[in-house]
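As structure tokens, the next two blocks hold two forms of the same chain, structure 1 and structure 2.
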Structure 1
Amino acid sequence: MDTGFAAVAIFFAAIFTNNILLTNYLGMCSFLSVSREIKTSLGLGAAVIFVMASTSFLNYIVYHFVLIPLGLEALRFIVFIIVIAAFVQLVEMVIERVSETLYAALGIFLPLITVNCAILGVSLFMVIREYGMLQSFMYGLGSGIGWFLAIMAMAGIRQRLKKAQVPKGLEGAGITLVITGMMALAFMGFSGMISV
């Protein structure tokens, strides 16, 4: 298969058929916590896209050009987390300078991108699936966009639910988890179209 076509297929599959959040259930903690407001979801989602795409590319380079030649593949977990943490720190400083309102709204969840298992999962999946450099970047970008779409959809639904009558037993986390399950089922409708 052509490398460019494979990269495009991986990109769309990461958004829809293999959505990192709704099919692998990675990154649920920040998804459930931040999706109360559209503005904070937009900011965090954009930061996750940027961090996921960038760190998948950086971790590919580190893994293939540093760890493999030195025979240190076993250290990939630690090294990937260090790269992600350093990059998130950079993003946090930029957001603080650009928009103090967004920085304050994201609060503790911005530094928690470092431990967002979806970001580490993307780096580990690219190694397990033996993606090339372009494929790794496209997988990271697609996974970030897929996570972004899921959190924005949830934020929109939760905004609408503020005006709806929800049964007492389902208020809060209960209805959020039910909606997340229905969203996962909706994304499963894309299964079989593109799979990587």
Structure 2
Amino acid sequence: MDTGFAAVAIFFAAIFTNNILLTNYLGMCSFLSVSREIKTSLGLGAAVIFVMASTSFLNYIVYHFVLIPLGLEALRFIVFIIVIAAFVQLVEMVIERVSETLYAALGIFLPLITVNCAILGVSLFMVIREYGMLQSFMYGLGSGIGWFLAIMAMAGIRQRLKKAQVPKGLEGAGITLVITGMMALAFMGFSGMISV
């Protein structure tokens, strides 16, 4: 399998069969707290796609051109986090400067996902699975889209759920987690088709 084809396979696998939220259960906190409305979920989802795709690429560069030559692979956790935090902060500043509308729609969510575990997770999986540069980028992009799909689906369900009678003890995070589990089961139907 050549790298180009592998990258495409990884892209789709990251969206469906190995959805980072529904199979690894990463990025749950913002998923649970922001999925109340479709509109805000859209903004946060878009922000996650952007940040995952760019940080997986950035961290690939840092890992392969800084950490490996210096023999500092063990420091990747702390280094990845610093890179992600600085990058997100910079992007927020730039967005705020250039476009008011983009800031209102997307920029306002960036601080929420600076230390999102799914973002760090993507960078760490990229190392564990020994992806190449293109593959890393596609994996980040695919994972972002997967996370986006999951939160949009959940927001749609939760908006309808407002009219439903949920038992008192299950309200809020409880019922959301149960539904997430069911969605994960549905996504498992894809498993085995392609793998990361």
Partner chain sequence: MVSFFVSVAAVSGLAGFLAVLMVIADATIANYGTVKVTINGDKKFDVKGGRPLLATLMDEGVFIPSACGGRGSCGLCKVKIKDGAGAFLPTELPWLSDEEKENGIRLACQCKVKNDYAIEIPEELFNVKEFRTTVLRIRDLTHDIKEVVFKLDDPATMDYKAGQFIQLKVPEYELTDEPVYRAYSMASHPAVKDQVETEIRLVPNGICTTYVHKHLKEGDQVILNGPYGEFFLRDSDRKVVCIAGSSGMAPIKSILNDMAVRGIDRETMYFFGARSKRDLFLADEMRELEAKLPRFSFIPALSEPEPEDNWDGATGLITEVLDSYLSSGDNVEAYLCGSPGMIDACINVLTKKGVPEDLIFYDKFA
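Source: prediction; values computed, not measured. In this text, the rigid core denotes the largest set of C-alpha atoms whose superposition between the two forms falls within 1.5 Å. Each residue is numbered by where it sits in the sequence of structure 1, with counting from 1.
Each of the two structures shows the same chain on its own, and it is structure 1 that derives from the form predicted alone. Relative to the superposed rigid core, Ile68 undergoes a CA displacement smaller than 2 Å between structures 1 and 2.
Remark: with the core as the superposition reference, the CA shift of Val166 between structures 1 and 2 reaches 2 Å or more. With the core fitted, the CA of Thr101 sits 8.0 Å away from its counterpart between structures 1 and 2.
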